[in-house]
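Below sits a lone chain in structure tokens, taken as the form predicted alone.
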Amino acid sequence: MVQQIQVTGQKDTRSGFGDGIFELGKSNPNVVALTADLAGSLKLNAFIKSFPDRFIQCGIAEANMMGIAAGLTIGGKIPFTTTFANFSTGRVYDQIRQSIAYSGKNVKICASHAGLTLGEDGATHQILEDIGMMKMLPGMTVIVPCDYNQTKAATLAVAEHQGPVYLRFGRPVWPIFTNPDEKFVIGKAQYFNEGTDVSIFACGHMVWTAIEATRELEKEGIKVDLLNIHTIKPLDTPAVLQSLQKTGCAVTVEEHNVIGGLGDSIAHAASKNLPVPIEMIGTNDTFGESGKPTDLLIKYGLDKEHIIAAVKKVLKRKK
């Protein structure tokens, strides 16, 4: 299956969000976009031009934006807050916890420029803890789509979902390889390859890197069960366990700290139901640094070669 996956273009995932919310604006009059002085970076220009009365520029006041969004839900609106992932979570965690999550407000927290691939902006902006922070909030849905098409589809899907959502995407141009017509199902893992030797669970930008690694591994006769875990919470536990039952070991791959992210969720599910050897690809209890996105991914071990090495290591542990 993985050999049949074709790249149809390249585009940043944040543009998938921008095009998705523009489409929502045309079909759902309750959708409102809010930003903290980052309308251009979050690709909101088309939405703003067509629906100026449903756009709120909050300025560099992220905490206030979260409060406004929570209030808008009381009147039946569906607010989409937009800023960088660092400012969407770390700067406003108290407001999200108290004003949104605690009362289950129907706010969609849309976070761009996440992870190491933010690149030259450096460690202060490359948040690598946000998935963990958000998935620990009761009732919060956490979604990390893998490319432009899937980000657009996820944006449409979260508008239909009742309750708070954290939607994480990125800045760099990235391969487009998913079907543009495929409906996004929250909480349902996506299969990219079926195998019996090792499971690879990936999310976000790392799904494409995992596909590249899988191609190399299969040339060596290693059969990979590859799943895109685009919804970190609620986790598709049945799909995870079904894969682990087949393979008996796993590698997790994420552009996030291995503490608190996708790897922790997979390990938690496995330890409760089907303990197996697991290796985790991600940043290891560290901040990032300024640099080119691809260089940073290599330096911090989030590239194809490190995935391949982790697979071979976990296979030895299985034996």
Partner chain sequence: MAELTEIASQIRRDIVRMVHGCQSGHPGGSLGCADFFTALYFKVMKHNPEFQMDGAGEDLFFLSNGHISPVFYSALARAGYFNISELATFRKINSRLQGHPTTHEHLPGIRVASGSLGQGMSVAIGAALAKKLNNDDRLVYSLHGDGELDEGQNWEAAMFAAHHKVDNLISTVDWNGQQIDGTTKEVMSLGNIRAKFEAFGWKTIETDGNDMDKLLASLDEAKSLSGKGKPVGIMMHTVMGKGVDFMENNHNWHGVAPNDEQLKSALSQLKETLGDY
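Note that this is a predicted model, so its numbers are computed, not measured. Numbering follows the first chain given and starts at 1.
Heads up, the form predicted in complex with the partner chain isn't pictured, but that's what we're talking about next.
Participant: Work out which of A63, I48, I259, A267 lies within 4.5 Å of the partner chain in the predicted bound form, going by heavy atoms.
Facilitator: Exactly one listed residue reaches within 4.5 Å, namely A63.
Participant: From the list A159, A153, L72, V240, which entry has a heavy atom within 4.5 Å of the partner chain in the predicted bound form?
Facilitator: Checking each option against the partner chain in the predicted bound form, the one that comes within 4.5 Å is L72.
Participant: In the predicted bound form, does K105 have a heavy atom within 4.5 Å of the partner chain?
Facilitator: K105: contacts the partner chain in the predicted bound form.
Participant: I'd like to know whether K77 contacts the partner chain in the predicted bound form, with contact meaning heavy atoms within 4.5 angstroms.
Facilitator: Yes, contact at 4.5 Å.
Participant: For S99, is any heavy atom within 4.5 Å of the partner chain in the predicted bound form, or not?
Facilitator: Close contact exists here: in the predicted bound form, S99 approaches the partner chain to within 4.5 Å, heavy atoms only.
Participant: With a cut-off of 4.5 Å between heavy atoms, is L274 one of the residues that contacts the partner chain in the predicted bound form?
Facilitator: L274 lies outside the contact set for the partner chain.
Participant: Just one of 209-217, 222-230, 87-95, 127-135 has heavy atoms within 4.5 Å of the partner chain in the predicted bound form; which?
Facilitator: Going through the listed ranges, the match is 87-95.
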